[in-house]
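Shown here is one chain on its own, the form predicted on its own, set out as structure tokens.
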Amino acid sequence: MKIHEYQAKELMKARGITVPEGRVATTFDEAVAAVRPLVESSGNKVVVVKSQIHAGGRGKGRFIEQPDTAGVNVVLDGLNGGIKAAEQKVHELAKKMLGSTLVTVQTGPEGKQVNRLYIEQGIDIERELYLSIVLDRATGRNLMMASTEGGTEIEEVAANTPEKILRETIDPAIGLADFQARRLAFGLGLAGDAFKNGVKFMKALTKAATELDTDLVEINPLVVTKSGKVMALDGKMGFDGNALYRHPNVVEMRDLSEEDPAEVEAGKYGLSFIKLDGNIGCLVNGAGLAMSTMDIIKHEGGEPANFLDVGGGASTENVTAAFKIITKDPNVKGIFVNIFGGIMRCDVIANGIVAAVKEVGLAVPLVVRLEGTNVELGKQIIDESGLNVISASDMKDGAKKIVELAQ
């Protein structure tokens, strides 16, 4: 699960991590109302208007409706009338940004609609750095990464200058050790107050990542001010979905408008669903079998339209919901049902397919491969349903048939 930048900064601030002051706005008036208190409290004549979407690269993004407006805009208050001029400028920008579609390197060409803005105080920046904590699945531990190349996408740094990425593996029993934090601070070239504040920042961020069960915390840029402060100028957080039951306050931050509607619908039924770019819908039980099914579809020259695991204990209702979700995708030109019935019974799958097709219809080819518990009953249910279903003898046969039919 992801959250917005302003929400990540709320969580960081509550844990003693330094962030700039800011206010979220969902209307033009709220955006304007945020300017004066931010300027007066900070004494800085700069405020920043930031689009809030679940994607990186906003600063380099572009609005489809407003191609001259970037994803992040700096507004000077000291020009042509002080704060009033800034308020007017913020109002103009908010009108352009709210409700518009922002395209970045991470959204894809379709972009994401901006429904929230974050109005933030300006900061006197001396240096921009990069800092993140990511779950290293190879070791099962959090990994802190730091770089002097703040403001640059970390993928670019890794590809062009990998030696500039510093890494420290975090022991879950003790957290980030003092010597590790100091080693990173030295590597980033921090000195004096910035060194002490940097060490403190890294240790606090590590503690927050552990407490919140994050799988990603990324601060790009992490800035050093002229007075030696170290603060998160940007902030991104992602959380382990399996641990969210421990964090009801984080669950409340979920923004369903930022998520794929099909994935949200699948979650209501306990289905593991991820939308992909292909044209062959997959309905499978078990994550391993689902991955194998997608692989064999690609091997036969096709492209899967989704990952969908109905699980081992799915009911007819769940299977019906899964089938509906697949058929709602206009890109789907064929559906492959591949079930190996162990805990999941083939007759339950068959009843779900029949119920779903009778309710929503079947406008694309359907290939079904059933094997395992109650397989004969499952096949009988489908055969007696009168549905136009193509049977497959095994997984490879099913993949080959659906790829041919979808073309």
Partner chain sequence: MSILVNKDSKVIIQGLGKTGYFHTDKALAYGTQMVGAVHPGRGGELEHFEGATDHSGVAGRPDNYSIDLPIFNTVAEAVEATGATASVVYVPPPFAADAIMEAAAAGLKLVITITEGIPINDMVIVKRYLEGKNTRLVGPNCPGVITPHECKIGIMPGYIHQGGKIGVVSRSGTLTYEAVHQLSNNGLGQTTAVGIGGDPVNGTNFVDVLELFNNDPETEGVIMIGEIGGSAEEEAATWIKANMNKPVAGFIAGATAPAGKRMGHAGAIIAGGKGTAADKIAALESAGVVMAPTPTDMGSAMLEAMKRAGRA
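Residue numbers count along the first chain shown, from 1. These numbers were taken from a predicted model, which means no experiment stands behind them.
Beyond what is shown, the protein has a form predicted together with its partner chain; the following relates to that form.
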Report summary line: Students should find that, of Lys328, His91, Lys164, His299, the residue having a non-hydrogen atom no more than 4.5 angstroms from its partner chain in the model of the complex is His299
Query - its partner chain: the contacting residue among Val332, Leu216, Leu271, Ala204 in the model of the complex [heavy atom, 4.5 Å] - result: Leu216
Report summary line: Given 117-125, 96-104, 176-184, 271-279, the stretch touching its partner chain in the model of the complex at heavy atoms within 4.5 Å is 271-279
Query raised in the report: Is Met395 close to its partner chain in the model of the complex, meaning a heavy atom pair under 4.5 Å apart or at it?
Result: yes
Query raised in the report: Quick one: does Lys236 come within 4.5 Å of its partner chain in the model of the complex, counting heavy atoms only?
Result: yes
Query raised in the report: Looking at the partner-bound form in the model of the complex, is Gly82 within 4.5 Å of its partner chain by any heavy atom?
Result: no
Query raised in the report: Is the gap between Arg141 and its partner chain in the model of the complex 4.5 Å or less for some heavy atom pair?
Result: yes
Query raised in the report: Does its partner chain come within 4.5 Å of a heavy atom in each of Phe28, Glu168 and Pro261 in the model of the complex?
Result: no
Requested in this report: Select from 353-387 the residues with a non-hydrogen atom within 4.5 Å of its partner chain in the model of the complex and write them out in sequence order.
Outcome: Arg369, Glu371, Gly372, Thr373, Val375
